[in-house]
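As structure tokens, one chain now follows by itself in the form predicted on its own.
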């Protein structure tokens, strides 16, 4: 056994242990910490599998923004956590859950074992036509060309999730500011970091987006970094969350899927089908879509974590 194999087995064992802890933890905060740790460990596994693009997304969403969102939810549920922690499911429920989990694991294992060898794949076809878009990153090439419909619908789902969060606001506060108005110590550490990190983070976010056309990165990763910088500024009280009724904000929110859909419909006229890019303009069109998607992702993720409107205009 090589050193690399031993490290991989140790990492797999730690991931399984953290996953078990996350499920078994009785306290919400402990479960959230386990989930964040699990996401960061998964990012290491994806790096080991040479899937750096997936690792960046997992670290940013699973270990970053997703963890912050769950911590906020845990804080709101703290009042009800004590009586809930004293409750224990019956033996029948626990046995049933264990059997169901084992059945799902067995079904997945059977599916993997019964896969044909070699497994069916479209990788050769994708590789043979990769030069048509002019993109050097095969992941971005697949997402924006061969799976463009999935990529567009992912942004639509993200936008619908935000609408769902906003719908939790009382009618009298609809159109107001999401979340509370944060007021941190202007001379404190948070305010210092909120002034120091965003200029660097914005440059890094733009770079991660731009390099995604040829190297690991892309719109989602870059947009997540921009969202994190925006949230840091809002948490420090340097800037307030915008009103959800702002016309400019709503234009940014629909820019990504809107431009994606417009280019897709134009494919009937300038290409041969929906979301068909003409070879001569494929790369500029894809970059234009990714610019809009980066802004939409940054705004949507930031507002998702800010929460539903809690203050009317002017508060």
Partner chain sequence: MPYPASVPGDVTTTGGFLLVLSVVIPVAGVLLAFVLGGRQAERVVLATMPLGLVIALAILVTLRQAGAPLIYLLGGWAPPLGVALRADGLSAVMMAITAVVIGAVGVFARVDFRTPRGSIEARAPFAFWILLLAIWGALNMVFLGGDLFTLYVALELLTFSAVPLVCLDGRAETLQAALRYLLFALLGAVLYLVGTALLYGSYGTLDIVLLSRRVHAEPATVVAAALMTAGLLAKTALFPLHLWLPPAHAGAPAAASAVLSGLVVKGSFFIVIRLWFDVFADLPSFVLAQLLAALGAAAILFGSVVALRQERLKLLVAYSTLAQIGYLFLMFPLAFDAGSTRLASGGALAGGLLQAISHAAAKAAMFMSAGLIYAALGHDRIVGLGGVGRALPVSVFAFALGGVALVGVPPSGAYLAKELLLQAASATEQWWWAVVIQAGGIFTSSYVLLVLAHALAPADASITLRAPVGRIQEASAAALALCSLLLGLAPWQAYLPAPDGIAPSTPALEALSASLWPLLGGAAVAILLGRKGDRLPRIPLGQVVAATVGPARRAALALSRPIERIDNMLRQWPAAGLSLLALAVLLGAALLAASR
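The structure presented is a predicted model; accordingly, all values stated were derived computationally and were not measured. Numbering follows the first chain given and starts at 1.
Keep in mind that the form predicted together with its partner chain is missing from the display, and what follows is about it.
At a distance threshold of 4.5 angstroms between non-hydrogen atoms, residue 239 is out of contact with its partner chain in the predicted bound form. The closest heavy atom approach of residue 250 to its partner chain in the predicted bound form falls within 4.5 Å.
Proximity of residue 273 to its partner chain in the predicted bound form falls within the 4.5 Å heavy atom cutoff. In the predicted bound form, at least one heavy atom of residue 261 sits within 4.5 Å of a heavy atom of its partner chain. Taking a 4.5 Å heavy atom cutoff to its partner chain in the predicted bound form, the contacting residues in 97-117 are 97, 100, 101, 103, 104, 107, 108, 111, 112, 114, 115, 116.
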